[in-house]
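Single chain ahead, written as structure tokens, the form predicted on its own.
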């Protein structure tokens, strides 16, 4: 197992290198000049040329790429053009909000998706099955930004239950404050602020998970060991949860791992709709400003995080099914 983990970590090097080069080239192909954006359209051409020289944008693209890669190898992702702060400081400052949203959305997706999928499989061809698959179809078809707007109109504007946008104190920090005796009001406010973005983002992921769970559980329920468990007189709930669901979870874990990457990407849109101060909203702002170092650093850090999550998912396979070995 350790050899496999070391091998996967080594494979991260070419993957991250390819992502870094690809993002660098794409950013320099899109229209817009950071110097013009920073100084304005009416700026003196000499001032623009001087700023481009200061930023190193007047050099050939190959030299710029080589210099950037040399800094990345040393752990230096550069300095934001507009915020004049290290990119790592800015991104890691916004990363907790994105991780909080992605984890909360994943919890919503797993709870909702597994529940609907198991219900649909156990009650196959019943109204429960058709209803669960209808909900899944709606989740797959409806864009995240449109679902977010509808959720704001219903739960914030008309009902007034949840905040429209923004993020207060982080859930983890608010929980610590509650434990230390500062009151649980901050935790309640944090959960209320997190509820709408997490439900919006998690609903789409739950749709795909529920369909995968349904297919996996149906396949497992038709196998011999399930019939044997039923013949022993075990309760149906025990047969499904203890014997069937665990065997059906292996392909589902793959989807859940991939959905985490989807949630990180979908958080870009969701954070924009709900004004959530995470890396996604940060990247949207940086792209509009042509802040190349900030966009490149944010994409690289998110890619690294997604790759590490996939590695953890692969290791989890061996725990779910002892027959799987990476040796």
Partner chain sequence: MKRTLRRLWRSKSAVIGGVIVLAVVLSAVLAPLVTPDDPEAMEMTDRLEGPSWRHPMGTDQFGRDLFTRVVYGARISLSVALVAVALSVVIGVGLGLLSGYYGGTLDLLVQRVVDIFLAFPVLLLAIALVAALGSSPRNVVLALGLVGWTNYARVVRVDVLALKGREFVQSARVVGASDLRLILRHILPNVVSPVLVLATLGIGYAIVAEAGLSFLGLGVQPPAPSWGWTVAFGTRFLRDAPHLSIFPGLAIMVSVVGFNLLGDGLRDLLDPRSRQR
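Since the structure is predicted, the reported quantities are computational estimates derived from the model, not experimental observations. Numbering follows the first chain given and starts at 1. Here the rigid core means the biggest group of C-alpha atoms that line up within 1.5 Å when the two forms are laid on top of each other.
Only in words, not in the display: the form predicted in complex with the partner chain, which the text now covers.
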Exercise for the section: Indicate whether the partner chain has at least one heavy atom within 4.5 Å of a heavy atom of residue 93 in the predicted complex. Expected result: no
Handout entry: Distance check, residue 15 to the partner chain in the predicted complex, heavy atom within 4.5 Å
Key = yes
Practice task
Check whether residue 250 has any heavy atom within 4.5 Å of a heavy atom of the partner chain in the predicted complex, and answer yes or no.
Solution key: no
Exercise for the section: Evaluate residue 226 for contact with the partner chain in the predicted complex, applying a 4.5 angstroms cut-off between non-hydrogen atoms, and reply yes or no. Expected result: no
Problem - in the predicted complex, segment of 135 to 143, 82 to 90, 100 to 108, 193 to 201 with a heavy atom within 4.5 Å of the partner chain - result: 135 to 143
Exercise for the section: Identify, from the list 239, 119, 152, 72, the residue with a heavy atom within 4.5 Å of the partner chain in the predicted complex. Expected result: 152
Practice task
Look at the candidate spot formed by 5, 65 and 77 and say whether the partner chain comes within 4.5 Å of a heavy atom in all three of them in the predicted complex.
Solution key: no
Problem - Residues in 279 to 309 close to the partner chain in the predicted complex, defined by a heavy atom within 4.5 Å, in order - result: 283, 284, 287, 290, 292, 299, 302, 303, 306, 307
Practice task
Align both forms on the core first, then report whether residue 21 has a C-alpha shift of 2 Å or more between the shown form and the other one.
Solution key: yes
Practice task
Kindly check if the Cα atom of residue 309 is displaced 2 angstroms or more between the shown form and the other one relative to the superposed rigid core.
Solution key: no
Practice task
State yes or no: after fitting on the rigid core, is the Cα displacement of residue 287 between the shown form and the other one at least 2 Å?
Solution key: no
